[in-house]
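As structure tokens, one chain now follows by itself in the form predicted alone.
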């Protein structure tokens, strides 16, 4: 039995209900019931959507895979370096996240370029340098168009695609997607809004304090 739970436009309502004194975050995305054996008995358990395996090249032309995010929480987003609409504001806000958790080995940021033709690793390196990013806590990654567009929709529930009718040739949403140490979706925030990013920073601390599900 599988059912789709959320569209991102409605997540703010749910997150507002889980704010305040509630110290847990919802688990977003698809879920299904599955049988598993506990103490010799078969019980039904909920299996949540997780991020599928991936492999990209980062700004240093080094392969980045899902295994690099094992045991970490991270924030994912989608952008392109020549974007002159929402991307600059998104990454100004993401810099606050980077500075807040800088050098924390349990936190990473994963920015996917949706412009596979021009945003090669060398261009991503220049872009990262302009933001003042060093090291690999914040990964800017390049992949094929199909891989990026598929992962945006299926894994992160974010619209990102090429659109020749658009002035810049691409359409993408400005969501920051929060992923926990079990690679489950735990939050979606408007990356263009500073107040939403502040909420995300607080939620990230909740995830850092959360016990990892060993199932």
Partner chain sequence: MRNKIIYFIGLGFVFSVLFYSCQSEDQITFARYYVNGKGLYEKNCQNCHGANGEGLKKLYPALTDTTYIRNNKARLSCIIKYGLNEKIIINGQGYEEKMPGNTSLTAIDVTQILVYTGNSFGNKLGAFQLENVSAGLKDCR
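Everything numeric here is computed off the predicted structure, so don't read it as measured data. Numbering follows the first chain given and starts at 1.
Same protein, other form: the form predicted together with the partner chain, not shown, and the subject of what follows.
- Would you mind picking out the stretch of 69 to 77, 141 to 149, 85 to 93, 109 to 117 that comes within 4.5 angstroms of the partner chain in the predicted complex, counting non-hydrogen atoms? Only one stretch passes the 4.5 Å heavy-atom test: 85 to 93.
- Query: Would the partner chain in the predicted complex be within 4.5 angstroms of a non-hydrogen atom of every residue among 156, 190 and 193?
  - Reply: Negative, none of the three is within 4.5 Å.
- Answer with yes or no whether residue 101 is in contact with the partner chain in the predicted complex, where contact means some heavy atom within 4.5 Å. Residue 101: no, not in contact with the partner chain in the predicted complex.
- Message: If we define contact as a non-hydrogen atom of the residue within 4.5 angstroms of the partner, is residue 97 a contact of the partner chain in the predicted complex?
- Response: Heavy-atom contact with the partner chain at 4.5 Å: absent for residue 97.
- If you look in the predicted complex, which residues in 122 to 137 sit within 4.5 Å of the partner chain (heavy atoms)? Contacting residues: 127, 130, 131.
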